[in-house]
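Shown below, as structure tokens, is a lone chain in the form predicted alone; questions about how it binds or moves come after it.
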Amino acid sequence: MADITFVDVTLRDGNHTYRHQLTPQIISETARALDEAGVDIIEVGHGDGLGGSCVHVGRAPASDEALLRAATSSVKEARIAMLVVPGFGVFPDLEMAADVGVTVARVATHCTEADTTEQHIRKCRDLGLFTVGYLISVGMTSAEKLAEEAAKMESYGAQYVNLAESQGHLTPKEVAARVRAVRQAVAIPVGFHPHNNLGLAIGNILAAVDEGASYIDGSLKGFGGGAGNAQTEVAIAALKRAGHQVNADVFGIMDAAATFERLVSPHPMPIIDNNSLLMGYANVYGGYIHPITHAAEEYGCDPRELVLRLGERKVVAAQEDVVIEEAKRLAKHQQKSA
């Protein structure tokens, strides 16, 4: 059975669901609850990582430093992680994060663009951070290509590579094939980050672990982009039920989930609604759920057709302008057809 390091991403990926408005108070209290439950690593920050706060995708209510400090000052055992996407986050951001007590850096990019992470990975290693290569939207390329990209990250100094199934599109068999290919290509550990658009997040975690993944991501109440991530409390219970070693306590993580739900109430928890389901089916990034909904309402087009068009265009993260472009085209087409 596997020894799992659990990474809770509620306070970073969950920010997409909360329109990037998680406050230092919410972060502090939730981080404390996760730490008391025994979670190994807690990822914190704007949904798009360091430097992600902007008008285009959403301004945070506090600086990156304030958000990270709220977490680092509230935990005793858990390691605090931040995510950085080269182009959003720059070297001074990394230096700030290290100064306030962040010890884990997850350097992220689209699944076919690992070469953009080299400088940031090397910088994080120079700062003494435990450094992760983070490949986004792994369902948008083949297992063989993922293995090549993961090997690049290892050569830059990544200490494990995380495979983010950002669209909730893959089945357990497809996840297993990707984890297997990467495990065969690198000597460092492999992690897995699922989304739940097709209701497969927990099954995909178990498939990933069976193929050797040893770092697993989840979020409290499933709070995350689109239909949400794997629900941390469910994932931990399922992993323990399957015989794997997980440090977090089941009762403690249930309490942490209740704490977080109280803090963000009355905001609804993620569900697999029709839009989220279709996004998983069409292989569209979960963070687009709000932009798609808003664009469909503004331009008077069918959000389902909009999702399918975005899937055909193979949109990647941070292309919100394409959502508007396609919404306008679709609305014009529907008006002509009426």
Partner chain sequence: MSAHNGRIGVAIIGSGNIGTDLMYKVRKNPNFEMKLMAGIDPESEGLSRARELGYEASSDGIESVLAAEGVQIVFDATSAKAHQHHAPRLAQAGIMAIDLTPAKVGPSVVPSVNMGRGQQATNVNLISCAAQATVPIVYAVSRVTPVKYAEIVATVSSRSIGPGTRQNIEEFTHTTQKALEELGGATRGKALVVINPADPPIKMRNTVYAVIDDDADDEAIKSSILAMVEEVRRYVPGYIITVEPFRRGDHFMIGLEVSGAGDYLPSYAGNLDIINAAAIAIAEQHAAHRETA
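Residue numbers count along the first chain shown, from 1. Since this is a predicted model, take the numbers as computed values, not measurements.
The discussion below concerns the form predicted in complex with the partner chain, not included here.
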Counting any heavy atom within 4.5 Å as contact, can you tell me which stretch out of 240 to 248, 108 to 116, 216 to 224, 164 to 172 lines the partner chain in the model of the complex? 108 to 116
Let me know the one among Pro92, Gly212, Gly101, Gly128 whose heavy atoms come within 4.5 Å of the partner chain in the model of the complex, would you? Pro92
Give a yes or no on whether each residue among Ala151, Glu154 and Arg183 has a heavy atom within 4.5 Å of the partner chain in the model of the complex. no
is_contact(Pro86, the partner chain) in the model of the complex, heavy atom dist at most 4.5 Å: yes
Counting only non-hydrogen atoms and a 4.5 angstroms cut-off, does Ala66 reach the partner chain in the model of the complex? no
With the partner left out of view, is Gln21 within 4.5 angstroms of the partner chain in the model of the complex by any non-hydrogen atom? no
Touches the partner chain in the model of the complex: Ile271 (any heavy atom, 4.5 Å): no
Need the contact residues for 292 to 316: heavy atom within 4.5 Å of the partner chain in the model of the complex, sequence order, or none if there are none. Tyr299, Arg313, Lys314, Val315, Val316
